[in-house]
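Just the one chain here, laid out as structure tokens, in the form predicted on its own.
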């Protein structure tokens, strides 16, 4: 009789090294099982040679754009003071900054720069609708944003230069009293790191929600932060309630045709609570299709930085079919796409809207930001697919352009 192998209860390593076969240092399934939303992980060499997707001057230029979301954080190390400035900035604002101890942060850089967006291919094992944005930070020597905690998963990819990271690997909830009240930044009053590292170019630090951390630049450095969408339960509940209430009319009211004489005029008895539950059946027994329809619209609208601008004129169906084979279809980088199966077809979600279309079309549109028009041409024989493409082009979510 063979001896049964003992199950290993060893805690997974907190530091691993990437390989050409496994950029995470392990198969994605193992990472999701042992680390995702459970414990932090440092992956050495996830991006061999480092990442230089955007130059500091270009990042500063983007921070001067009205539509970009940008911040500058200044640190007075001697006084332990932090100052937050919000963009858009002007060129002279950068000229007035000190030589050290400041950081420029710009959100949604993946929407503006294709090289930055290309970093997301390394994280394709995570559903695209779950990823929020790539924030890029450029820091001078001693720069950082202070000891803080995020309520979402984040991958911190070291670009050019070096950054010293400290973390408290113990995930925990923080009461309001745990944060300082002398700064606009949500900084921790106390921070007791359990691990410290110097990240080289190309190293990646994964942090699940609730892990306190602090990063300080050693010389000039750039960090790419891939953050996840993590709506709070309150946000989900409020939005879902509005979604369910939208079709209801003034005639839909609380009723009590079985009302019995009250024993105490101020008492809310069990019978009243039963009637309240009957008045709110949507929350107790919502159908999966209704839930999916709402969530697809919500998650593609959640935390949108920009709204797609409609083109000057719409495109006719005949013109679309004529031009499509010779064009590349570009997705608006600010329009989020997701889809789900619905019977024999699919429901496509784009920037909070829902459209019915064939599954093949939904797959192609969600798969990448550039789609070969020729691959879509055969689908336009389907009236529903043609109508979906036309609606997305007219809404500014897609654009036809000539191949490069």
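Residue numbers count along the first chain shown, from 1. Everything numeric here is computed off the predicted structure, so don't read it as measured data.
Another form, the form predicted together with a small molecule, is not on view; read the next lines as being about it.
Chemist: With the distance limit set at 4.5 angstroms and only heavy atoms considered, check whether 145, 213 and 223 all reach the small molecule in the predicted bound form.
Modeler: Every listed residue reaches the small molecule in the predicted bound form, so yes.
Chemist: For the interface check, one of 309-317, 294-302, 99-107, 246-254 should have non-hydrogen atoms within 4.5 Å of the small molecule in the predicted bound form; which one?
Modeler: It is 99-107 that comes within 4.5 Å of the partner.
Chemist: Just one of 206, 112, 165, 89 has a heavy atom within 4.5 Å of the small molecule in the predicted bound form. Which one?
Modeler: Filtering the options by heavy-atom distance leaves 165.
Chemist: Of the residues 135, 119, 324, 187, which one places a heavy atom within 4.5 Å of the small molecule in the predicted bound form?
Modeler: None of the others qualify; the residue that does is 135.
Chemist: Using a 4.5 Å heavy atom cut-off, state whether residue 150 contacts the small molecule in the predicted bound form.
Modeler: Contact with the small molecule, yes.
Chemist: Quick one: is residue 156 in contact with the small molecule in the predicted bound form, heavy atoms, 4.5 Å cut-off?
Modeler: Close contact exists here: in the predicted bound form, residue 156 approaches the small molecule to within 4.5 Å, heavy atoms only.
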